[in-house]
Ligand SMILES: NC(=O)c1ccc[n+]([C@@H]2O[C@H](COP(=O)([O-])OP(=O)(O)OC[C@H]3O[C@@H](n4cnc5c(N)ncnc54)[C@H](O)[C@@H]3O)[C@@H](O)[C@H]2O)c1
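In structure tokens, one chain follows: the form predicted alone.
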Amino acid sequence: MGAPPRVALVGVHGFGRVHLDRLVRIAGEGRIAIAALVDERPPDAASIDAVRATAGGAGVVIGQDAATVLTATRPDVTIVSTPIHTHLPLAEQALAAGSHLFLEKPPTATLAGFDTLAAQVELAGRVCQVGFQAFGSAALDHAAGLIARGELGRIRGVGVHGAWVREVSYFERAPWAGRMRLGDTPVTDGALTNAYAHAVAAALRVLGTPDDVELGVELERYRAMSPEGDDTAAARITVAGVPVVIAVTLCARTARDPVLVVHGEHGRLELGYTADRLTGHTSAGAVAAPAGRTDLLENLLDHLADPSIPLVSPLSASRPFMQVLEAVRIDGPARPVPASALTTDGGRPVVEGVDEIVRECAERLALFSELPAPWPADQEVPR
């Protein structure tokens, strides 16, 4: 039995902390060795101690410059959990060091960047898993299977509604937060492309959307507190004639978990993808969904050990999502929500009525402008 694969983590704060904790757990089981931690801001002392306590962890390299550290350590796998616009250059550095990739979502900030990365991964003879964790959901797989087998009859459409609460500080946490660009560099950060990226990707996945399909995308994007990107948005994506409507906000009055709704001729499904909870009925009766979720990093490790085990979220599977992201990028800055449609709650802006409006969009497969939503009905506002 050979030595366990050596894994580097680039980006140890924010969501990177989730990856760091996972690495410590898996290293503690002897499945990996932690080779390196890279971040402009070093990890805290407790995290370093936890890493060094794992088998082989005493030799972990901690640094600030990814190219230098990756070249020196040449890890088998590199996890990239950094701001969107840094994914591509860091992935290129990891590939140059001979590493396989685990890349957080969205994989890149542009569709052209995505295609460049896909070509480079293939040329390097490496694999790339993308961090769409919902793709590991047994409930999502079960829903997709019911649809594929025709147990809901003709699918009239898929809707997703999401109402989350974010403070103004959410958009002040970093220079890239809520930005479409930083200087000449695309960022494409917004509710549709980042906070609710799992919603978009899961809705496309449940329909079995092929990697090479060309999608139609209609967008209505607004911002109440985001500097440029959308924090309240509706998108209608057409997949082989089937409408997929994503209606979401970060400016709700009351937070609730997002729900994916499948409207079938002979049934209906509701998937709470953050909790892997599937309910509903088909022509055969009530749905009984399996529980559990495949860990994407462990799946990547299993695939590397045995290539007959497929990746759950390979890079190619993200291309439909990337078409939506590209449409958002081309659409540019979101429109400000008119002042008449805003109230405040504890100092944060709340879009009036949005909690129920996003739900109505998902139920009726409609955009904001097709409902009596208060903001599109107002006078046109500049971007």
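Note that the structure is predicted; figures quoted are calculated from it, not measured. Numbers for residues come from their place in the sequence shown, where the first is 1.
One more form of this protein should be noted, the form predicted together with the ligand, which is absent from this view; the next part is about it.
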Exercise for the section: Go through 319-327, 39-47, 337-345, 54-62 and give me the stretch that gets within 4.5 Å of the ligand in the predicted complex, heavy atoms only. Expected result: 39-47
Practice task
Could you tell me which one of Val213, Ala284, Ala291, Ala174 places a heavy atom within 4.5 Å of the ligand in the predicted complex?
Solution key: Ala174
Exercise for the section: May I ask you to choose, among Arg223, Arg179, Arg205, His198, the residue with a heavy atom within 4.5 Å of the ligand in the predicted complex? Expected result: His198
Exercise for the section: Answer with yes or no whether His13 is in contact with the ligand in the predicted complex, where contact means some heavy atom within 4.5 Å. Expected result: yes
Handout entry: Contact of His100 with the ligand in the predicted complex (heavy atom, 4.5 Å)
Key = no
Problem - 4.5 Å heavy atom contact, Thr279 and the ligand in the predicted complex - result: no
Exercise for the section: Give a yes or no for Pro106: in the predicted complex, does one of its heavy atoms lie within 4.5 Å of a heavy atom belonging to the ligand? Expected result: yes
Completion exercise
Residues in 282-312 that come within 4.5 Å of the ligand in the predicted complex by at least one heavy atom, in order, are none
